[in-house]
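Heads up, the chain below is alone and in the form predicted alone; it's given as structure tokens.
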């Protein structure tokens, strides 16, 4: 038996690496083509952002600012979280402002808004305003200026309209009203909002970042300088689920969405391959009849592929190490 095991691992050690690459590729492609419903467990860092936005629901004196600080290279991780936040705001009647600091981010910002608003009756200048691209050299005067008066710090929006003349600005003046900034970036852009907007005006700041940046941001979460954080594609998948389970959930009992609950999020299934949300109560499964749009499940489908690929790589690492030590033992006999 030992001889057969050693022979097996000898073959594994000599396996053409092209087969390994092929297997890893298939482990990514198959879950994307044939998605399945793997569990999505939400974390406190993501839940805090959801609850903060939801606290503004239906209040015309509160708004959220979304800052787009990235280009297309980080779009796979950041775009799903941007669309999810926009959906949440549109569902719960929360006013939104968007801004970007590089020309490359401007079309991505427009694309996120257009993707999210397709199923909603929202109007630019009333429910949301896109400030558009502003040169990065103006970041500091704009960030500090919005603490006093948004319409003075930013004169016109992306369509060339005077900010002060828009309906949305009637009850929104500064960070006292626009009291949440979420910066989406693949770097440290959110920390500039912490340094200036939070330190001087006390504005709540959250970050949507790529997975490789997560460790750098944890100290700011621990000190409370960030109220929450989307941790790469996993964070986007978590927020997609929460929007479907809570904000998009409408019944006679909850016409404006279900209140956030840790217990509910544990018991609700949001299938990938089915077209509606499934809710489990007292062990009984209910189909809510609430439709799920494929374009709003991008992060969850991506996490399926990522999970399978990671498991595949871990299996190869374990087999490789076992084979290495068995081969060394055989050679030393």
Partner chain sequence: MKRQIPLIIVITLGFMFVAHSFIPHTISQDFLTWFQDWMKAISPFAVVLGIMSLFMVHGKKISYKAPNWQYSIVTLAGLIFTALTGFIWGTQAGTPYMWIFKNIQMPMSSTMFALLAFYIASAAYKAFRARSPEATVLLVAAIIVMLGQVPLGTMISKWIPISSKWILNVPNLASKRAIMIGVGLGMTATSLKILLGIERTYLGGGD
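Quick caveat: nothing in here was measured; it's all calculated off a predicted structure. Positions refer to the first chain, counted from 1.
The form predicted in complex with the partner chain is left out here; the points below concern that form.
Would you mind picking the one in 251, 114, 165, 123 that has a heavy atom within 4.5 Å of the partner chain in the predicted complex?
-> Flagged contact: 114.
Partner-contacting position among 108, 227, 172, 203 - heavy atom within 4.5 Å of the partner chain in the predicted complex | Exactly one listed residue reaches within 4.5 Å, namely 108.
Check whether residue 259 has any heavy atom within 4.5 Å of a heavy atom of the partner chain in the predicted complex, and answer yes or no.
-> So residue 259 does not count as contacting the partner chain.
Does the partner chain get within 4.5 angstroms of any non-hydrogen atom of residue 177 in the predicted complex?
-> Residue-level check for residue 177: no, no contact with the partner chain.
Considering only heavy atoms, tell me if residue 301 and the partner chain come within 4.5 Å of each other in the predicted complex.
-> Output for residue 301 is no: heavy atoms all beyond 4.5 Å of the partner chain.
For residue 39, is any heavy atom within 4.5 Å of the partner chain in the predicted complex, or not?
-> Answer yes; at least one heavy atom of residue 39 falls within 4.5 Å of the partner chain in the predicted complex.
Non-hydrogen atom within 4.5 Å of the partner chain in the predicted complex for each of 20, 76 and 218 = Yes: each residue has a heavy atom within 4.5 Å of the partner.
Considering the partner chain in the predicted complex, find the one stretch among 88-96, 132-140, 177-185, 240-248 with heavy atoms no farther than 4.5 Å from it.
-> It is the stretch 132-140.
Who in 222-251 is close to the partner chain in the predicted complex, meaning a heavy atom within 4.5 Å?
-> Contacting residues: 222, 223, 231, 234.
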